[in-house]
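Take a look at this one chain, the form predicted on its own, written out in structure tokens.
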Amino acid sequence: MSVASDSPVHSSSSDDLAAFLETELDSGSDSSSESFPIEEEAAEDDTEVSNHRLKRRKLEHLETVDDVDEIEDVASVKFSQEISEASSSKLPCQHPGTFGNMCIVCGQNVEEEETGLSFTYIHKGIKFHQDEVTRMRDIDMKMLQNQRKLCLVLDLDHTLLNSTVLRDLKPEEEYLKSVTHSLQDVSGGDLFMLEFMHMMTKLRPFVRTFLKEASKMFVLYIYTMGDRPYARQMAKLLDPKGEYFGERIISRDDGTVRHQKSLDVVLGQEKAVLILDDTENAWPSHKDNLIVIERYHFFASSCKQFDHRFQSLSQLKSDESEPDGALATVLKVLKQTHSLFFEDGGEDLSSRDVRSLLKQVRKEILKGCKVVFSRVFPTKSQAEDHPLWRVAEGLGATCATEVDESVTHVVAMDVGTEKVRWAIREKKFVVHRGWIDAANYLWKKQPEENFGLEQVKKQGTDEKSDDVNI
């Protein structure tokens, strides 16, 4: 019933449900009569016998499970057993979920407004009421804790990979067509021509190692603003053996709010879910779960999309560093957060929350730095309310409006200010705002010499960090 036993990676509720629905909802009429006994009175005795036979078969299967590694298979069997037991109950059915407009427990037609939240990425037409979603999340949380795992939701574009339409390739990118890898065996490649989709895709350096290592600590989801065919094709490139994602591939077709992403369709408790995405605004309700990653601009069309004036990595015939790139850095953050969540090895983890732990990790980045800003904020604004001030504080820095001996850094955009002259005289660090932006995206304190004000003159004093939305 579940593919979990064939995979070394945890299979969460979504996979168990998908397997169950494939066998129970799409099966022939014989199995359907067992799962959805809708005849009454004359058929009541037959239904009771059918339900008894179904429960006995599920219980016999449970008795054959000896290995702890088969816990996910047990969960899926238990789920179907609960449905059969509810079907034979004399209590009114609460209709916890529907397939189409039919209750998955009692088989009755359910009004459209009562059908609940769609989980189409698990199975087309399946919906669950919020109470049932909560119940499944609670069960999943216990399974995750037993395996010392959390959930990680991964964006695709500019996070794990970069794609472009073939017609948007620049003349200086034409060389890429001759160095693409075969789609017959994608496991060893990172640049692919998808002619049937009129696209080319480049995987981010370190992504395969990242997924392998992250899967040891997290149940992995894909969540993209792309459509479902694109999401599934990208999953094949990233996970050709189906080891990491299973059915946990969420596209814009599966979301509940247009142009936004939400954890409401993720079967994991919010306190145990981390998100990796390049776009903070995509997650308005879950920013505390979010790790914002520096955007991956391999193709020229990607730079144009965000109105960047610099050349892309493909135009420069270059790429990110594997050991020092964005994904390698984020993996360290994930390991820190995971370690904090499960430290002490206790069984009661109900009070642990990845959101508070993630803030704790972030506050170590600029810990010990005291920052004063000089002509960075509009003159009439309140400095403490500016997003850059809040970012710096979130990174562990102490922010102030006036200089004193304890100040370590002056952040400015002009060398001619009084505070900058004071910093030079007192041998303090003088950096432009990109120093904070880089620390925010790269999750580590950056060398001050790389962010001197002389670089502002070269790039233009009005240029801001390319990937920050402030």
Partner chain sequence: MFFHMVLERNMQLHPRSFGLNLRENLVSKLIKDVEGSCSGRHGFVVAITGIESVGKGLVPDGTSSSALVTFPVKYQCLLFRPFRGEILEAFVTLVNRMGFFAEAGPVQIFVSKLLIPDSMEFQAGDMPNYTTSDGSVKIQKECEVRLKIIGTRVDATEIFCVGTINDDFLAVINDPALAA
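Predicted, not measured: the structure shown is a model, and the values here were computed from it. Numbering follows the first chain given and starts at 1.
What comes next is about the form predicted together with the partner chain, which is not displayed.
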{"item": "Single option in Leu154, Leu238, Ile104, Leu366 placed near the partner chain in the predicted bound form, where near means a heavy atom within 4.5 Å", "value": "Ile104"}
{"item": "Position in contact with the partner chain when the complex is considered in the predicted bound form, options Arg135, His181, His308, His198, heavy atoms within 4.5 Å", "value": "Arg135"}
{"item": "Non-hydrogen atom within 4.5 Å of the partner chain in the predicted bound form for each of Pro96, Gly100 and Met143", "value": "yes"}
{"item": "Residue stretch of 284-292, 353-361, 122-130, 333-341 approaching the partner chain in the predicted bound form, non-hydrogen atom distance within 4.5 Å", "value": "122-130"}
{"item": "Heavy atom of Ala392 within 4.5 Å of the partner chain in the predicted bound form", "value": "no"}
{"item": "Contact of Glu270 with the partner chain in the predicted bound form (heavy atom, 4.5 Å)", "value": "no"}
{"item": "Contact test in the predicted bound form: Glu247 vs the partner chain, heavy atoms, 4.5 Å", "value": "yes"}
